[in-house]
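What follows is one chain in structure tokens, specifically the form predicted alone.
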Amino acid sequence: MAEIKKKQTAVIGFPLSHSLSLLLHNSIYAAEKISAQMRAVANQDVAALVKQIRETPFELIAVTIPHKQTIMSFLDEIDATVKAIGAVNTVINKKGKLFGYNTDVVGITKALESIAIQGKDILVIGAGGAALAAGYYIQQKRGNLFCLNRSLKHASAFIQKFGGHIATPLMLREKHFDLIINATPIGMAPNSSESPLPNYTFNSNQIIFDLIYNPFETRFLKEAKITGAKIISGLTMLIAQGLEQERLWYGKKLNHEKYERIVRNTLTRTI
């Protein structure tokens, strides 16, 4: 009997050396007995990636930096949440038509589910695709939003979209932020000695959330932890958004705790 051909899924972006999407999704396929395989397809050219998606074809595509915004114009349809956020991290190929979704916000919701947001002063570092999902979540939860970004133009666009204020260096020294979210790749492996706030003074009353998951305790989180601040790794977000990607594609809701355990156990041995 001929072997059944596996369905093809992919994670796309550039670079992809940091990505744990293959570990997560292929673990899901093995555990759930889904005949599929996720591949890493690294390319800086988003048009070439979309061409490859259509031709292979890949059925589920996890989209990471730097393509979360640029891929949108190549898609056939995007959902209402994507329109509100302005970024895509998931593409489902439905018989040649590409549909865009954003499950980053599902991951952020899971990571911050026990954190009070309304009325709190919240600093988002970054203004790219992941930051947009964070800004949308904070806006929905009625937090007081501040954006710190190296590009004033992009920070202004971020604040115009979600409301709030542009953070300044003086503000970092003088203002207490209840929650700080790093939505940049600064501190991601292999550059794990870096921090998005290298000279910042944390305190024990803060919550520090790093969307980076590799390493799962970044320099940013380690420095905050020393002061007694509550820290949240990006690993919870990674797993929750990945499980939602599989639900959108495969139609089955999966157990978060089970797959967080699998990924954490693997990371403990390999990172």
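So that there is no doubt, residue numbering starts at 1 and follows the sequence shown. Keep in mind that what you see is a predicted model, and the values were worked out from it rather than measured.
Only in words, not in the display: the form predicted together with a small molecule, which the text now covers.
When contacts are defined as a non-hydrogen atom within 4.5 Å, none of Thr9, Tyr29 and Gly100 contacts the small molecule in the predicted bound form. Scanning Val82, Ile71, Ala183, Leu112 against the small molecule in the predicted bound form with a 4.5 Å heavy atom cut-off leaves one residue, Ala183. Screening Met38, Ile212, Ala224, Ala62 for any heavy atom within 4.5 Å of the small molecule in the predicted bound form leaves a single hit, Ile212.
Though the partner is left out of this view, Leu243 does not reach within 4.5 Å of the small molecule in the predicted bound form, counting heavy atoms only. Taking the partner from the other structure, the small molecule in the predicted bound form has no heavy atom within 4.5 Å of any heavy atom of Lys94. Taking the partner from the other structure, the small molecule in the predicted bound form has no heavy atom within 4.5 Å of any heavy atom of Gly143. In the predicted bound form, none of the heavy atoms of Thr168 sits within 4.5 Å of a heavy atom of the small molecule. Comment: 145-153 is the region of 145-153, 172-180, 197-205, 74-82 lying near the small molecule in the predicted bound form, near meaning a non-hydrogen atom within 4.5 Å.
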